[in-house]
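First, one chain by itself in structure tokens, the form predicted on its own.
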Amino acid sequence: MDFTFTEDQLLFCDNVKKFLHNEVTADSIRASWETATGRSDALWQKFVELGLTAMLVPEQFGGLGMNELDFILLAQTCGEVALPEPLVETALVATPLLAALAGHDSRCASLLEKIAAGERKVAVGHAVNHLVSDAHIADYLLLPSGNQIHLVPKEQVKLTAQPGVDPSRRLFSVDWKVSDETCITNGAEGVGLLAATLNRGALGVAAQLLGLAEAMVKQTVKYTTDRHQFGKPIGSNQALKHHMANCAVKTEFAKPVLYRAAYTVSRRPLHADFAVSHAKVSAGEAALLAAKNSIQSHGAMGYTWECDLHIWMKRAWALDKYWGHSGFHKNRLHQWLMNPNAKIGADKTFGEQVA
């Protein structure tokens, strides 16, 4: 079995990565903090033109019909540039949820087409998250109520902005009333879709955390190479080398875990809990270690507001708690490992018989 990404997947990611690195910089992120919404409509339209919002939208609804494994490298790149816009949550979480219901709900089908065309935006709420991200720019909100999922127009909700550690993220508490008119699914189907939504949300966050970790290591290596003391780069000191080496090892070991989770979500979504939780925990640990060691390697400069490292570090702190904190995901891993029927071993890693 070939475990590598295809040439098409790698080429597409490389092209998008170049685009994102040109469009999203520390200066542009800082500038967005001063705007009313913190988001750029022009940048979002470019995402639409590139087909990024339509990647997981089925072809019959105007999308590209791709899957989670096709999108995972792009999600990682979004973390690498600390993208403020909710591209990952839109493409990886909202559109698959709507697509699962589009076959028997015309509202979901119509909304999918408009998301792919860049005419509508959707925010997603879930019981595992206390607040809804980017609800202020959404035309509709997907909100849970017990085993029900509701598609609620923005006119029917009251949003209250809440402060967060990351100034790039816009978080809101949502006050709304449950009604039969907004309900798009309930019962067993609702429970299943909420579980799948949690896994996709955690998968997207894990990918971004991994990208954040890599970016912080690169920034720190550059800083410790450029910064000289006593006539030599401070990065030549063995202690700092060990800090970055530990981060790099942690990140590299988290990558196959993340990609395995994306594969499982795309092929065996009903059995993806353990793989997603493993990825979320591994990526979170990599990002937090990178944040800790990077700020230490920067020294006093790392604690100043002007240091760009803050942007990536605070995003890592925030996303580590989003779509389930580490304790939640470690508990899911524990439950799976203690299952006597769990199929554990190298031959089960990507097999179709994953339990």
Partner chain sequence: MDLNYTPEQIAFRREVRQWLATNVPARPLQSFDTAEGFEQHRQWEKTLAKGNWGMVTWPKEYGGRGCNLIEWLIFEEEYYRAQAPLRVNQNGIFLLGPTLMEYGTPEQKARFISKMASGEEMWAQGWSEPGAGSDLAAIRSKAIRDGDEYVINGQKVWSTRAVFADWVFCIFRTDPASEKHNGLSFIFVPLDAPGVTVRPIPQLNGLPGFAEIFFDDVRVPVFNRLGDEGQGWHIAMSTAGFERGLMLRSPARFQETAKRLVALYREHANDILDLSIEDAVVKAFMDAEAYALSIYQTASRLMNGGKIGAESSVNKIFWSELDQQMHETALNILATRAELLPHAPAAGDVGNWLDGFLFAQSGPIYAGTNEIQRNIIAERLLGMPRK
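Numbering follows the first chain given and starts at 1. No experiment lies behind these values; they were computed from the predicted model shown.
The same protein also has a form predicted in complex with the partner chain, omitted here; what follows describes it.
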| property | result |
| --- | --- |
| Gly164: touches the partner chain in the model of the complex, heavy atom cutoff 4.5 angstroms | yes |
| Interface membership of Gly299, the partner chain in the model of the complex, 4.5 Å heavy atom rule | yes |
| 4.5 Å heavy atom contact, His334 to the partner chain in the model of the complex | yes |
| Contact flag, Lys154 vs the partner chain in the model of the complex, heavy atom cut 4.5 Å | no |
| Heavy atom of each of Thr225, Tyr259 and Asn339 within 4.5 Å of the partner chain in the model of the complex | no |
| Stretch in contact in the model of the complex with the partner chain, which is absent here, among 177-185, 156-164, 71-79, 245-253 (heavy atoms within 4.5 Å) | 156-164 |
| Among the candidates Arg30, Arg39, Lys330, Lys46, the residue which, in the model of the complex, approaches the partner chain to within 4.5 Å (heavy atoms) | Lys330 |
| The partner chain: the contacting residue among Ile295, Leu50, Ala26, Met66 in the model of the complex [heavy atom, 4.5 Å] | Ile295 |
| Within 299-319, the residues that have a heavy atom no more than 4.5 Å from the partner chain in the model of the complex | Gly299, Ala300, Met301, Gly302, Tyr303, Thr304, Trp305, Glu306, His310, Met313, Lys314, Trp317, Ala318 |
